[in-house]
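Single chain ahead, by itself, as structure tokens, in the form predicted alone.
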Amino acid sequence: MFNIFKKRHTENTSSENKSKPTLRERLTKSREKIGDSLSSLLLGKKSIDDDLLEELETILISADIGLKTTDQVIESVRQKSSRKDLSDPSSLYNLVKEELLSIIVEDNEMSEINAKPFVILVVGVNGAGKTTSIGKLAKSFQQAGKTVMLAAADTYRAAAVEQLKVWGERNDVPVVAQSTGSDAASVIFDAYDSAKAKGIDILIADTAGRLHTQKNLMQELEKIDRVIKKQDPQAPHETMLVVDGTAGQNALNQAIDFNKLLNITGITITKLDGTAKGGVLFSISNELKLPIRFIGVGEGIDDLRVFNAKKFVDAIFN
């Protein structure tokens, strides 16, 4: 499914309005923090020494790439420098770029699942941009020729249900909802039955924003998972975690905690256009070994973009 969407997305890109900001422009703050800082560091340097590597380490950590991932990059630089694989400091720029690209996980295995409806369960903390991402995702799948239904299972907040309904009306997508405080699993159960009966391709379910410390909400997620599996043992076919890119290392911590409790299969990182902390994408992908599915780079409905590792890295380093 994600392969199909990616192909169509690429085809549509060629006809985009030329005035639309490029990914490089959207990621200006992160590029200044990583690529531009590295260029400035290497300017005029004659050799790769401990002082240079220490400054490089500082740049990577300050860019929220994380200590573990930074150590991995620095160690690779040390090894290649000692083997004379690096001829001069200028070659260090490309090496760091290549190292960071190599640790990003790209995986579109979900395309092999042919379930109908294909169930995407969206989880994350309040404020991460779950509901907005769902609305944009629904539009993207529609543009890819798929029929979509939404399940408003964040029944703790009336505003969340209303927000999802607005997205449904905007995209002409049906939304299954119940009253505030209703059983979330029941909402998704009804939504699945409706989607099945109507031959809907994709069912996207919103859930209540929660932290791993909120036991009752985590139990609700477990119940949702059990209920969905009664209807389709393979569902949910995608459990997508949405994290806020502006949260930096807190986003990484959230991803680690959710992954301990749930079978997270993909990650969406939002709000990358307004932060210099885009480096957290590398540490999340590296430490969790999970694919980044989408990135949010603006307020527009088309600004939730299918993630492409090479394009992302090029936008930060070039």
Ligand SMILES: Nc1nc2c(ncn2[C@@H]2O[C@H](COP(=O)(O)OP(=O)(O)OP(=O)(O)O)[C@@H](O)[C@H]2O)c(=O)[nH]1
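Start at 1 and count along the sequence shown; that's the residue number. What you see is a predicted model; the values in this text were computed from it and never measured.
The form predicted in complex with the named molecule exists for this protein as well; it is not shown, and the discussion that follows is about that form.
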Give me the residue from V96, L221, A128, V119 that has a heavy atom within 4.5 Å of the named molecule in the model of the complex. A128
Check each of Q231, T132, Q72, Q142 and return the one that places a heavy atom within 4.5 angstroms of the named molecule in the model of the complex. T132
Does G209 reach the named molecule in the model of the complex, with heavy atoms at most 4.5 Å apart? yes
Flag E299 as yes or no: does it have a non-hydrogen atom within 4.5 angstroms of any non-hydrogen atom of the named molecule in the model of the complex? yes
Evaluate K198 for contact with the named molecule in the model of the complex, applying a 4.5 angstroms cut-off between non-hydrogen atoms, and reply yes or no. no
Touches the named molecule in the model of the complex: K271 (any heavy atom, 4.5 Å): yes
Would you mind picking out the stretch of 150-158, 182-190, 98-106, 231-239 that comes within 4.5 angstroms of the named molecule in the model of the complex, counting non-hydrogen atoms? 150-158
